[in-house]
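Only one chain is included here, represented as structure tokens and corresponding to the form predicted alone.
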Amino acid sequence: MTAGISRWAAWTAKGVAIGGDPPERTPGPIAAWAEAPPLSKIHPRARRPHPQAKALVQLASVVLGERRLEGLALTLGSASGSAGPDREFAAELKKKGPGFGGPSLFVYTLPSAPLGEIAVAFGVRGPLTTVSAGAASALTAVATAIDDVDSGRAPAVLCGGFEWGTASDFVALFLIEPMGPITITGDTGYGETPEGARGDVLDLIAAVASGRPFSLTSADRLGFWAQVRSEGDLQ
């Protein structure tokens, strides 16, 4: 079996791009998205979702479209994880006192919570995995998703990465499927980092959109690394 990218989208402080070059990488929170799909239509059971989860659900809706894939898995990487909601909850406790933190915010102090919102919104029944490998988290999630599809462990994976409450927030999502139009392979490891161009998931989107062969590696200072490569000609 061969895994490939069939759809992708990104959201940064400069805006949203769907199936093309990613928006410019710039400091700050993700930008307002006037055309964002209304949460009430794609996730009517949501109850006061954290903006982080809302953004992921909205971007996932344009990657998946009307498709509901049986056995779809979710694999997302993040260096910041739930740090943003954690700080917000801590500030709420400091202001209101211990025992008065809002339950609707508390649930998002777990980094897996946003994936849970995606699963509920789109009826995902496959495995949900949150990857924490420092700066290599997002590309590790993509490489893991490629291996899961290529090995047959999952029929398809919605993967990518997100950062929230950081110097430069972003959300980037990919749909990995068997025989996708852009064939890719991925590896992960710890220790000596493979040679080659450095990059993350936003660079991966730019590479895919360019139509040229690529090999990108993300590495964390603690030794985690992930590499994603194209195979054959990109169409």
Partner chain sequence: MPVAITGYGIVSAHGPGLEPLAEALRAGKTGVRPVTAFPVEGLCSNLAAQAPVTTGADRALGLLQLAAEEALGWRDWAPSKRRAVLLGSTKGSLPRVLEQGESDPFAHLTAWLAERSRARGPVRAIGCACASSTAAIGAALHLIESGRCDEAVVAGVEALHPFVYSGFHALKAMSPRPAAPFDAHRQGLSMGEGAAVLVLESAGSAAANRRKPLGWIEGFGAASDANDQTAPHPEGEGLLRACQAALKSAQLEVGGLGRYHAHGTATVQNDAMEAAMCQRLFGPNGIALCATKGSIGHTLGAAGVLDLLGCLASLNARELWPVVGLEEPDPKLAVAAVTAIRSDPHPRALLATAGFGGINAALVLRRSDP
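Note that the structure is a prediction, hence the values are computed from the model and not measured. Positions refer to the first chain, counted from 1.
Here the subject shifts to the form predicted in complex with its partner chain, a form of this protein not shown in this document.
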> Using 4.5 Å between non-hydrogen atoms, is Ala138 touching its partner chain in the model of the complex?
Replying inline: no
> Using 4.5 Å between non-hydrogen atoms, is Pro155 touching its partner chain in the model of the complex?
Replying inline: no
> Might Phe214 be said to contact its partner chain in the model of the complex, defining contact as any heavy atom within 4.5 Å?
Replying inline: no
> Is Trp33 close enough to its partner chain in the model of the complex to count, meaning some heavy atom within 4.5 Å?
Replying inline: no
> Of the options Pro178, Pro51, Gly196, Gly189, which one has a non-hydrogen atom that comes within 4.5 Å of its partner chain in the model of the complex?
Replying inline: Gly189
>> For the three residues Arg45, Arg87 and Ala113, which mark the spot I'm curious about, does each lie within 4.5 Å of its partner chain in the model of the complex through at least one heavy atom?
In response: yes
>> Could you pull out the residues of 112 to 142 that have any heavy atom within 4.5 Å of its partner chain in the model of the complex?
In response: Ser112, Ala113, Gly116, Glu117, Ala119, Val120, Gly123, Val124, Arg125, Gly126, Pro127, Leu128, Thr129, Thr130, Val131, Ser132, Ala133, Gly134, Thr140
